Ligand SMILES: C=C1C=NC(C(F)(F)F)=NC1=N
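A lone chain, given as structure tokens: the form predicted alone.
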């Protein structure tokens, strides 16, 4: 299993797609394929919300998405389910402040997998790092409708404040990010951006991913 050092995590975070079946009206597997073709660098399976899959059907979708990621060398992260992550041999787990305890998750998944933790303040960030976080998800950067329980908007200043407080671990900005706002998040000190609807909800998934990749990866779309 790959050991995810900080630089490897920073590279993976550049363009991070978060998606479950409820975030698209199309086949999530095909959406993921198109997003990878457009340039995403990491994927998180987040199957939450009204109409979310459960049980064997959820596991089956996770396995299909995991296989696509494996075929293309894209790290595959599971949201808030360490047992599913272990079952499908995911590259890591991401937990929010109201999810499973980060230290317990780290103990369960071992040192060879990434652990992402949502943080909204320097205090939460420090606690996450002490618990073994590989990276922090900071947000929301802007108003978002993708998460019904979203925290109050922090804006790019939230990332800048963490950096000013000495938080040096990899950071990804999330929440309401679009092509016209991604650069500001990166400029504030984020290593990448995480998006849901900006890619999963786009009419042309590949083009939407490529547009964001041109900003976060510094490449021409």
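Residue numbers count along the first chain shown, from 1. Remember, predicted model here, so these are calculated numbers, not experimental data.
Here the subject shifts to the form predicted in complex with the ligand, a form of this protein not shown in this document.
Would you kindly say which of 12, 205, 213, 18 lies with a heavy atom within 4.5 Å of the ligand in the model of the complex?
Spelling it out, the residue with a heavy atom inside the cut-off is 18.
For the three residues 23, 144 and 199, verify that every one has a non-hydrogen atom within 4.5 Å of the ligand in the model of the complex; reply yes or no.
No, the whole trio is out of contact, none within 4.5 Å by any heavy atom.
Although the ligand is absent from this view, report whether residue 34 comes within 4.5 Å of it in the model of the complex, heavy atoms only.
Flag for residue 34 set to no.
Heavy atoms within 4.5 Å of the ligand in the model of the complex: does residue 92 have any?
Taking the distances in the model of the complex, the answer for residue 92 is no, it never comes within 4.5 Å of the ligand.
Does any heavy atom of residue 65 come within 4.5 Å of a heavy atom of the ligand in the model of the complex?
Residue 65: no, not in contact with the ligand in the model of the complex.
Tell me, yes or no, whether residue 121 is in contact with the ligand in the model of the complex, where a contact means a heavy atom of each within 4.5 Å.
Flag for residue 121 set to no.
Could you tell me which stretch in 83-91, 68-76, 100-108, 130-138 has residues with non-hydrogen atoms within 4.5 Å of the ligand in the model of the complex?
The contacting stretch here is 130-138.
Taking the ligand in the model of the complex, which residues along 97-113 bring a heavy atom to within 4.5 Å of it?
Heavy-atom contacts to the ligand in the model of the complex: nothing from 97-113.
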